[in-house]
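Form predicted alone, single chain, as structure tokens, below.
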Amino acid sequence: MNKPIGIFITGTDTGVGKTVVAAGLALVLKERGMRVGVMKPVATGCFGDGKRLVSEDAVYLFEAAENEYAPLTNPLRFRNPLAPSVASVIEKKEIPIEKILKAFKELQRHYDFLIVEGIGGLLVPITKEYFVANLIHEMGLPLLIVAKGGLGTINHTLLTVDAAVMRGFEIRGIIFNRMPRVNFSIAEITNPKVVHDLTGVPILGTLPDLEDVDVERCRFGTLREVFKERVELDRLLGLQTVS
């Protein structure tokens, strides 16, 4: 069986917890002895001055994977928390797609497996005519979708799956994130099965909202242990057939 080469993590919306899922995957793969690389190709809402802008999400991934090539992890950064195409206009900065792809290919040389976290969802515009979906196509990676658990997620998740299928992407599965540990709503209880029944896409796990995990303060807490317990890792990696 061929060695897994990587995964692209997208979300049904902004703020669904893609970074935490990506970091959890990195922590578990690292424990398995894999040299795992991480990448946040474009980040907005960064802090710092001038060329020293820093993405908290990229730093979190970088630390989770214990990587060595920071400039390659997050090649494009913007201060304003907007779609990249909008932030680039406001900040008068170009978005060279070739710089992203060059960094991606360079990271492939150094690591066994690459975890690439997108920005927002599939149709977030990186430039006026180039979307996150275009980047996934050029990278040639299978897709992991991160969704919220509550009300509204059926529509958002089905739209994401539909957009991915139309573009011919391989969808490894869906992870429902930030689920409550207690006092589930009826929507949170029923949504995973409903989404699976309507799309046929495997539900690879559900992750609770972890109080000891903090992206801003770079705290991982029990993320690795919970990820191992609640996510079907072999299916995510394509090492096990999904029935």
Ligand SMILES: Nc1ncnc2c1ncn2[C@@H]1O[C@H](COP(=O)(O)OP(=O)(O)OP(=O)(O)O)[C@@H](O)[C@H]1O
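Since this is a predicted model, take the numbers as computed values, not measurements. For every residue, the number given is its place in the sequence shown, counted from 1.
Below: the form predicted together with this ligand, not depicted.
Listed stretches are 70 to 78, 163 to 171, 114 to 122, 137 to 145; the contact stretch with this ligand in the model of the complex is 114 to 122, by a heavy atom cutoff of 4.5 Å. In the model of the complex, none of the heavy atoms of T222 sits within 4.5 Å of a heavy atom of this ligand.
Contact annotation for N191: none of its heavy atoms lies within 4.5 Å of this ligand in the model of the complex. Heavy atoms of K30 never reach within 4.5 Å of this ligand in the model of the complex, leaving it off the interface. Within this chain, P202 is remote from the site of this ligand in the model of the complex, having no heavy atom within 4.5 Å. Contact residues in stretch 52 to 82 (any heavy atom within 4.5 Å of this ligand, taken in the model of the complex) are limited to D57.
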